Each structure stands twice: as structure tokens, then as C-alpha cells.
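This document opens with one chain alone, in C-alpha cells, the form predicted alone.
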């Protein structure tokens, strides 16, 4: 049994991340980037500083230029990002794509890509989802043999940070039907290659995704990430890393929403009394505190399971993603309601947390998706 507590190294990562993002990437920066309609949707200077702090390489092995600190450390960074709503390609590149390459890439691919990703010189994005809702096994994009490689044709409507990616990891089908797990292959694709079309999409939470279209895009055999037809295991490993870190981010969103609301309850007066003295609001705040701590426990369990190679890690990841999503929704709803009418205005930051909670809850599978996945993993 692994104790669900942080060790000294992890506490140092947490303290470092909390201080860094509070000062360098606060909510005010998100508001500024949103209002300026920034072309990238994030601050490249901040991303470079994140690399200097070792954050961009947290999930990358040391032999390939990373910090090699593991998923618990990555989750602590992502939690701090959630507390401050910091915009960056951390989730898409440093976690999801880095995990895919570290798990499925050849030594040559790892040596060529991972050091650049750790230094923030290269952004890589995963292009997997094709359905309106998350369904990673549903892959209609085809990879037909062509010359010494393949020709890719298909569409990926939701690619996180795809508009700024220097490389794409594309899930395509080399055999089988559209919903078969077998027959999925991962390819490294240059977004500037002939036949690749990318359209930026700004989401409700002011983050960015892209719609990627592939029209007979030629790739070499050396661009295959892993083994032909056996890419789903690598895809799931990368997605589980992203799901666990999204749970950590939603934990940060929930915790910050709770703390902001408690501070407001202590300050706001009604009928000559601080509204925090009202028993009904105290009960709601106490319930929310308990829910946040439950989400914290299951999220840390999921991250720890990924680090230890626990065979049940997918179960814990789905449990964490579903629970953290429910709690983030509750926390932001309660925050807006207990702020009263002013909570609905753009002047107050709390609305940004609600929007992020909704988008993060849907990304890489909502509660229904993960509830179904838990049931299947338990053989129901």
C-alpha cells in the first residue's frame, strides 16, 4: 500500500509551482491574452520560463533532457496551473505528447524530439479525437501504404494547441473497422507538410484547439511512432497521463474557487452581518471543502498509480477524472451562487473558473465516459 502523501521532493515541486504561477501566470494574464485576441493564445516568454524551471520536461526522462520527476510532480504543476488558470501548452505537449513519445517512440525519435520539448523549443500536439464526444478508439482517418511510408487522409476536429504545434502525433487506421482497438497506428506529422490544413478554434475557457484536416499527407516509415497497427496502447497511456493531470488541474480550479468564495463570505455584509456567519452558507462551504479533499485523494492516487506502474492505474485515472470533474462543477457553481449576482459579471474572476471547469470536464472524456470505462474495467 502506497501512502497518499507527498515526499520532500514533491513538496518542493508544489511550493515552487505555486509560487511561480501565482507571480508569473495569474488570472490577470489570461484576461489580458483573451482581450488582446493573442494569435498564439499563450505567452511564449512564460513557456520558456516554465522550461527553465524544469516544468516543460517534468514527464521526460533525464537521459533525454527532462527532469524525470514523474506524474505526481506533473500533477502538482497542473494543479497550480488550475489555481491560476495559466495558459500554456503544458498539458498538450509536456504531458500528453511527451508521454506518447516516451512510451512509444524509438530511441532515435526520443533523442530527436524530447530534449527540444523539454527546453520549450518544440511543441507537439496529439491529434486523436474525431467524434463530437471523446472516443479514442473511433478512428476513421486512414493510413494507406504509399512508397516507403503511408498516405494519411482524414479529419481531427479537436486538437489541443494544434494551431501552434511544430509536430503532430496523428492517430490513423492502418487496418480494421472504425471502432476497432486493433489497427490504430500513431504517426509523427509535420503540420507544414503538403495536404495538412489547420484552423484555430478558441474555446469558451479562452484556451485553444484546432481542427486539423489531412488530405493525402505523405509520411515515411520512420514517422511511425511505435508499431504499425498497435498504437492504441500508447495512445491510451498518453491520454491517461493527460486525464490524470486534468483531474489535478480541476482540483486546483476547485480549491481556488473554494478559497476565493470563503474569503468573500468573510468580507461581504448583509443586514449588518458578515454573510459567512449564516449557517446555511457555512454548511454549503463545509460540504464543498469535504468534496475538494475527496477529489484530492483520488487524484493523488491516480498519479501515484501511474508512477508506480500499477496495473489498475486506468481505473484510478477514470475515477479521478470523473470525481474531479463533478467537484469542479460543484465548486464553481457554488462560488458563483455565493458571490451573488456579481459572480456572473466579467469584472470578477470567478466566471473564468466556471468556464475552465466545464471545458476541462469534457476534455479526454466526461463523467459519463469515465463511469462507463470504470464499469468496463470492472467487467460489468
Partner chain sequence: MDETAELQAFRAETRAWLDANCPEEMRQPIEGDGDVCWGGRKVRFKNEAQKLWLDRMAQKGWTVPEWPKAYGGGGLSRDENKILQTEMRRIKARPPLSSFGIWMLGPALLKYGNEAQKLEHLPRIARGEIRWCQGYSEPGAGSDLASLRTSAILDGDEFVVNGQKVWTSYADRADWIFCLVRTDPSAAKHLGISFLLFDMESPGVSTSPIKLISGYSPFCQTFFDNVRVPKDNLVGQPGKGWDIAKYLLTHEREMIGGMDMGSMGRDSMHQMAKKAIGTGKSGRLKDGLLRADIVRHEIDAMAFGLTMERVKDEAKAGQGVGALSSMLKYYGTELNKQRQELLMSIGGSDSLTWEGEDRHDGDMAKTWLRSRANSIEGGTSEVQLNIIAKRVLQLPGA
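Given the structure is predicted, the values throughout are model-derived calculations rather than measurements. Positions refer to the first chain, counted from 1.
One more form of this protein exists, namely the form predicted in complex with the partner chain; it is left out here, but the text below deals with it.
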key: 4.5 Å heavy atom contact, residue 198 and the partner chain in the model of the complex   = no
ask   = Quick one: does residue 322 come within 4.5 Å of the partner chain in the model of the complex, counting heavy atoms only?
value = yes
ask   = With the cut-off set at 4.5 Å between non-hydrogen atoms, does residue 326 touch the partner chain in the model of the complex?
value = yes
message = My question is simply whether residue 283 lines the interface with the partner chain in the model of the complex - judged by any non-hydrogen atom within 4.5 Å.
response = yes
inquiry  = With the distance limit set at 4.5 angstroms and only heavy atoms considered, check whether 265, 287 and 374 all reach the partner chain in the model of the complex.
reply    = yes
task = Please determine, with the chain shown alone, which of 299 to 307, 242 to 250, 113 to 121, 171 to 179 has non-hydrogen atoms within 4.5 Å of the partner chain in the model of the complex.
result = 299 to 307
ask   = Which one of 276, 229, 191, 136 is close to the partner chain in the model of the complex, taking close to mean a heavy atom within 4.5 Å?
value = 276
query = What residues of 227 to 245, in sequence order, lie within 4.5 Å of the partner chain in the model of the complex by heavy atom?
reply = none
